[in-house]
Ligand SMILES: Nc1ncnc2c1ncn2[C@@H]1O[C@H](COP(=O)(O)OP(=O)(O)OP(=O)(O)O)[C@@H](O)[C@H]1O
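Form predicted on its own, single chain, as structure tokens, below.
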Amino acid sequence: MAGIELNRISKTFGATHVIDDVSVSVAPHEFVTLLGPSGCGKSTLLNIAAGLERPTDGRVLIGGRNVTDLSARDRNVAMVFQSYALYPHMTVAQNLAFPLRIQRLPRTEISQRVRAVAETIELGGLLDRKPAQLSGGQRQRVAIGRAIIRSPAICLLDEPLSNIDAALRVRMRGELKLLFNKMGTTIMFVTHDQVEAMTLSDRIIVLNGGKVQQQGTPLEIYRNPANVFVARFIGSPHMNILQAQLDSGVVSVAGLRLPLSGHAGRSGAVQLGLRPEDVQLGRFEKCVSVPAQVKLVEHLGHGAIVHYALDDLPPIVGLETRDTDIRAGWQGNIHINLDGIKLFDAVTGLAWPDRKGMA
């Protein structure tokens, strides 16, 4: 199995810079997700990897071989689109067999491969059905099966779950995770859905404005966002960001003063980040109590998102890990987890190097 490397890729359309000097590498058998908002350049980057777009600058290497000037069909990559792109007049078996028929493989080999892939994607009993007779999840599995049947070096997926309803999307995430673990295929996956990226990926590359903002494992990016954009984009609900002032190791947000470790001698304007799960009714090992009023409760069944108004502070959002009976209008003390606080530069939005640890 080969890996893929996009080396210093730039892409312009006229005067518009869609991708600006981006480097991405995916190791053999690795599942890497390109994550970002619409228009960030992630699908263009995937199309460049596939050979459907040519980069303005930079190189594409697959298995260490420079394929920048090769057409899509000569790169040994497979692509799965969000629209499935199945042939409606063909059965599941015929759709799966189509890439092998183009290669003019013997009928017996085609039949063997179709049966093997159908079992892998758990559609062995549906080979005689046409796409219209399948559910959305089954159609997506056929599209993936057709992509992997010819054993490509790389499998590229462009938002393959975006056309599936919410309940099925959750189930398909689990099915895809199990499927790709079984196949061991090298995967480059594109999505704007951070939950998909967190649940499926070995590594995430966060893009915005055609540039890489951060890359790392899902937990690395969630726990230690590199800048305010990543902090807001990763997490649901996203991180609370408050304007604050740092003065010799003490950060102040309106009337609230918090002593920090590792920041002695530093002063100036900062942005304070706090995940909603670090704002709760219950106490933490290290915490401060703040009087608050509940403005809105979003019940999730397994928990609740709670919107608070605070006397001397900007409004913040908390996340209860269990659902709660409190309602709008409730007043009392909430608790802020001091170990969960992150600091970002007030001007650049970049995370401070020693952003962990509270006194």
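Residue indices: 1-based, along the sequence shown. Not measured: the values here are computed from a predicted model.
Quick note: we don't show the form predicted together with the ligand, though the next part is all about it.
**Q** Go through 37, 314, 332, 303 and name the one with a heavy atom inside 4.5 Å of the ligand in the predicted bound form.
**A** Of the candidates 37, 314, 332, 303, 37 is the one lying within 4.5 Å of the ligand in the predicted bound form.
**Q** Which pick from 245, 215, 227, 82 sits with a heavy atom within 4.5 Å of the ligand in the predicted bound form?
**A** Contact with the ligand in the predicted bound form is made by 82 alone.
**Q** If contact means a heavy atom within 4.5 Å, which one of 317-325, 290-298, 40-48, 304-312 is the stretch that engages the ligand in the predicted bound form?
**A** Partner-contacting stretch among the options: 40-48.
**Q** In the predicted bound form, is there a heavy atom of the ligand that lies within 4.5 Å of any heavy atom of residue 351, even though the partner is absent here?
**A** Contact check for residue 351: no, nothing within 4.5 Å of the ligand in the predicted bound form.
**Q** When the contact criterion is heavy atoms within 4.5 Å, does residue 24 count as touching the ligand in the predicted bound form?
**A** It does not: once the ligand is placed as it appears in the predicted bound form, residue 24 has no heavy atom within 4.5 Å of it.
**Q** If you check in the predicted bound form, is residue 175 within 4.5 Å of the ligand, heavy atoms only?
**A** No, residue 175 stays farther than 4.5 Å from the ligand in the predicted bound form.
**Q** Does any part of residue 18 reach within 4.5 Å of the ligand in the predicted bound form? Heavy atoms only, please.
**A** Residue 18: contacts the ligand in the predicted bound form.
**Q** Can you tell me which bits of 159-190 touch the ligand in the predicted bound form, meaning any heavy atom within 4.5 Å?
**A** If the 4.5 Å heavy-atom criterion is applied to the ligand in the predicted bound form, 159-190 yields only 159.
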